[in-house]
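Taking the form predicted alone, here's one chain by itself in structure tokens.
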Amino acid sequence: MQARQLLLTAASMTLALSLAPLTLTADERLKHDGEFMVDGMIFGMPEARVFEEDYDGPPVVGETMTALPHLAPLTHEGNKTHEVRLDTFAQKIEVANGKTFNAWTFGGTVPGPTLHVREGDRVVFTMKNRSDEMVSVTEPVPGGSPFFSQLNENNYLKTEPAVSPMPHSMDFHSGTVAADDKWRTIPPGQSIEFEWVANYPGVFMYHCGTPSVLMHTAMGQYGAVVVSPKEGYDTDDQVDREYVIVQSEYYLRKHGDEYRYDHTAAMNRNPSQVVFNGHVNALNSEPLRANAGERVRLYLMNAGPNDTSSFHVIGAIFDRVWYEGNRENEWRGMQTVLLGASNSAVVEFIVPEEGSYKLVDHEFADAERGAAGTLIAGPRRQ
């Protein structure tokens, strides 16, 4: 009898635990049948939806979608769902003074817009393959993403609409999903919608995953997602400036007055330009700004597609480095941060004096190909 009472008591406790607030909180975060939680993270997203839509609106939608080097502030508490659109289409861009080519883009720029979310946020992503359309991104869109006004203010890529019908896809390194479903290729005219949860903090690459991945990436289809840790970084209340820098390579060969992608050069790892934020002058003609004594945070991504980056700021030392942007991977006192293709880091340094600080890939062959920029520091504010 006592044993039966113990079993009943245990069963009652199990029922009580199943109705406890912890379970309800978990259920509130689960949105679809089939989703489940492991270690507080959500997996088991629903199948991607491929469809056709009569959409010719803004190709970039999302309040935290920004043009490089900007990063949108996160104003929400806890977690939220982000409704994001990032269409893919061709665009004529300039990569160095007078050197243009018809790039394959996400959102019309190379690199594409930066998406900022918080660890645990959900992203509902839509992309239309508009590579058979002429799409313009040169004018701000009323009520649209901050991306448009930021690009309009700093249009070093000199974007112009172009047409280059091609199948494309989207591969978010920040998403933990079945790639053969969510990252599937869609032809021109079709759209895809899928969801993912930002389970891990960090700075993550996104790119087209359609073969040849090397070609699609080198043609310009890549960008960054910043997933801020849910607890934040220890220095969040000390940071005065923050910028996003994406390093990448072009493999171009001259044809008439324009340049075209050279797959042989890409296979031989012989880039024509290595750049920060898509243009050899992106961070020279429009340098980053700070003041002496300020703490500057840089979100770094090396998109490759082939080479490493030895990122260095001449005259400064990184007193905090979070490799891949994860607060569990903290280093101190770094002179240079080595990043392989698709690796990233969040670095911070104190601007020591008023002056000019060169940002370089310390592999100087790449710096001379264009991987260089400038941070201009004004006088110390009292």
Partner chain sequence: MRTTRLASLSTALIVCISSQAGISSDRAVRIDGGTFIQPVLLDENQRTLEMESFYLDRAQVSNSDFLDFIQQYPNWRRDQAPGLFRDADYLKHWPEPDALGDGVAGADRPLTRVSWYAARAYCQAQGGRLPSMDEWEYASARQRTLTGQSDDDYADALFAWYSNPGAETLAAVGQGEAGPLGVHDLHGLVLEWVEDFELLLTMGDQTDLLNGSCGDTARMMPEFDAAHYATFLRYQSRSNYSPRTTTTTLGFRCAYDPEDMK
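Everything quoted here is computed from the prediction, not taken from an experiment. Positions refer to the first chain, counted from 1.
This protein has a second form, the form predicted in complex with the partner chain, left out of what is shown; the following refers to that one.
**Message:** If the cut-off is 4.5 angstroms on heavy atoms, which of these, Met267, Val239, Ala292, Ala96, is the one near the partner chain in the model of the complex?
**Reply:** Partner contact (heavy atom, 4.5 Å) among the options: Met267.
**Prompt:** Just one of Pro167, Pro287, Gly144, Gly232 has a heavy atom within 4.5 Å of the partner chain in the model of the complex. Which one?
**Reply:** By the 4.5 Å criterion, the partner-contacting residue is Pro167.
**Request:** Verify the contact flag for Glu193: yes if a non-hydrogen atom of it lies within 4.5 Å of a non-hydrogen atom of the partner chain in the model of the complex, no if not.
**Result:** No - in the model of the complex, heavy atoms of Glu193 and the partner chain never come within 4.5 Å of each other.
**Request:** May I ask you to state whether Pro140 is within 4.5 Å of the partner chain in the model of the complex, using heavy atom distances?
**Result:** No, Pro140 sits far enough from the partner chain in the model of the complex that none of its heavy atoms falls within 4.5 Å.
**Request:** Indicate whether Arg253 is a 4.5 Å heavy atom neighbour of the partner chain in the model of the complex.
**Result:** Residue-level check for Arg253: yes, a contact with the partner chain.
**Message:** So in the model of the complex, is the partner chain close enough to Glu52 to count as touching (4.5 Å, heavy atoms)?
**Reply:** Yes, Glu52 is a contact residue.
**Message:** When the partner chain is placed as it is in the model of the complex, are Arg118, Thr176 and Ala341 each within 4.5 Å of it, taking any non-hydrogen atom of the residue?
**Reply:** Judged in the model of the complex, none of Arg118, Thr176 and Ala341 sits within 4.5 Å of the partner chain.
**Segment assignment from 149-157, 220-228, 301-309, 204-212: heavy atom within 4.5 Å of the partner chain in the model of the complex** = Of the options given, it is 204-212.
**Prompt:** Using a 4.5 Å cut-off on heavy atoms, which residues of 230-263 contact the partner chain in the model of the complex?
**Reply:** Arg253, His255, Glu258, Arg260, Tyr261, His263, in sequence order.
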